[in-house]
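In the form predicted alone, a lone chain appears below as structure tokens.
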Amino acid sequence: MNKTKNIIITGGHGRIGSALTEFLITNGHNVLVSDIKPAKKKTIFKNGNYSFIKLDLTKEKNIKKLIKFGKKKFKIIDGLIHLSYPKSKNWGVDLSILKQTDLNQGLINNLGATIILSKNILKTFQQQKKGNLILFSSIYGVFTPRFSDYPKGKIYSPAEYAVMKSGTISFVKYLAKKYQKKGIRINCISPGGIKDGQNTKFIKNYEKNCNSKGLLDAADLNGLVKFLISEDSLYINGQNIIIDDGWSL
């Protein structure tokens, strides 16, 4: 039988994070959310299983503060799900006008912070002799974007996004190998596009390569996360699991 888990979710008030936080606390798990903003649906999170700490995790001192808070609250941290997604000021521009300062900020605050966060939580997992780390990448970390899906001049698929997400997948495999035989599991989820008010033309173009739904709802990822934090996935380690309604076929 799968037991109640003590889970930290970074970025737990974002699109995917909010759906996942609600799902996990509804299913009896204890969830500590770290985010730079409060929850939008405050009534949902008035549950005794939920707690929140406001932190900017691009700074290592705040990462350490989060883990210290989690250890004090839970004693044992069963897992950490990393969904924090900091953006540079001019995030999402076309490569032709990308500035080095924005690129540097994006890479350091996103992939750099992921590396430092992982380093710190894995120290705790080693001390506990168990732990479960789940990082999030994207289909664009595995496959080249279909640039024809994007209406010209409306939205872009940023070059640095592909670099960050492919780097996350590589990092997961690196960590899984490095921390073998220490009671720790480290895996990655690569979702397809998630509904977020995208351009209608983009949605139609995207759906042409999918099986039935096209863009996913954030809640469509909940079942996979539930599986990965459970004992049902004990022997899955170092993997990148794609959930994209067949877009990548």
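So that there is no doubt, residue numbering starts at 1 and follows the sequence shown. All figures in this text were calculated on a predicted structure; none of them were measured in a lab.
This next part talks about the form predicted in complex with a small molecule, which is not shown.
Student: Within 4.5 Å of the small molecule in the predicted bound form: all of G28, Y50 and D78, by heavy atom?
Tutor: No: none of G28, Y50 and D78 comes within 4.5 Å of the small molecule in the predicted bound form.
Student: So, G92 and the small molecule: in the predicted bound form, are they within 4.5 Å at any heavy atom pair?
Tutor: No, G92 stays farther than 4.5 Å from the small molecule in the predicted bound form.
Student: Does K37 make contact with the small molecule in the predicted bound form, using a 4.5 Å heavy atom cut-off?
Tutor: Contact check for K37: yes, within 4.5 Å of the small molecule in the predicted bound form.
Student: With the partner left out of view, is D220 within 4.5 angstroms of the small molecule in the predicted bound form by any non-hydrogen atom?
Tutor: It does not: once the small molecule is placed as it appears in the predicted bound form, D220 has no heavy atom within 4.5 Å of it.
Student: At the 4.5 Å heavy atom threshold, is Y161 in contact with the small molecule in the predicted bound form?
Tutor: So Y161 counts as contacting the small molecule.
Student: Exactly one of Q105, S137, N132, S118 has a non-hydrogen atom within 4.5 Å of the small molecule in the predicted bound form; which residue is it?
Tutor: Of Q105, S137, N132, S118, the residue with a heavy atom within 4.5 Å of the small molecule in the predicted bound form is S137.
Student: Scan P86, P145, G167, G112 and let me know which has any heavy atom within 4.5 Å of the small molecule in the predicted bound form.
Tutor: Among P86, P145, G167, G112, a heavy atom within 4.5 Å of the small molecule in the predicted bound form occurs only for P86.
Student: Tell me which of 175 to 183, 78 to 86, 93 to 101, 121 to 129 has residues with heavy atoms within 4.5 angstroms of the small molecule in the predicted bound form?
Tutor: That would be 78 to 86.
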